[in-house]
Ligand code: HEC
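Single chain ahead, by itself, as structure tokens, in the form predicted on its own.
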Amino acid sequence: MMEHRIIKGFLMGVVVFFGSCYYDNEEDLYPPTDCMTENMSYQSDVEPIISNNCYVCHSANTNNGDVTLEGYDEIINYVNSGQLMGAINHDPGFSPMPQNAPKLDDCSISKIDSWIADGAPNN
């Protein structure tokens, strides 16, 4: 009987000791992201993404699919109609862009989405 109490006490001590050493570290639970989406600017943030990923087919010179995204006055039409986000998100009913290429990375899409949510300013 005394042996069982000693063993039980020892096991409880082990459980308490190892169970209480677990710490939730905020940085481990929520790793920081390098994707900043606050106060997006068309010129500094959005246009470089569009230029690097879309102009090969949708510049003023190429105009594939009769779609030109070069310049604010052109892209805003696709922003306002929802076609830009539909295409880059690969939403049903939209032609997924970039065509025959992987979807844009999540950070780039988030930056464009944030810019649009802020009213898609020409800044």
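Please read these numbers as outputs of a predicted model, since none were measured by experiment. We number the residues from 1 along the sequence you see.
Missing here is the form predicted in complex with heme C (HEC); even so, the following discussion is about that form.
The closest non-hydrogen atom of Val56 lies within 4.5 Å of heme C (HEC) in the predicted bound form. In the predicted bound form, heme C (HEC) lies within 4.5 Å of some heavy atom of Gly65. In the predicted bound form, heme C (HEC) sits within 4.5 Å of a heavy atom belonging to Phe94.
Looking at Gln83, you'd find a heavy atom of it within 4.5 angstroms of heme C (HEC) in the predicted bound form. The three residues Met40, Val46 and Tyr72 each lack any heavy atom within 4.5 Å of heme C (HEC) in the predicted bound form.
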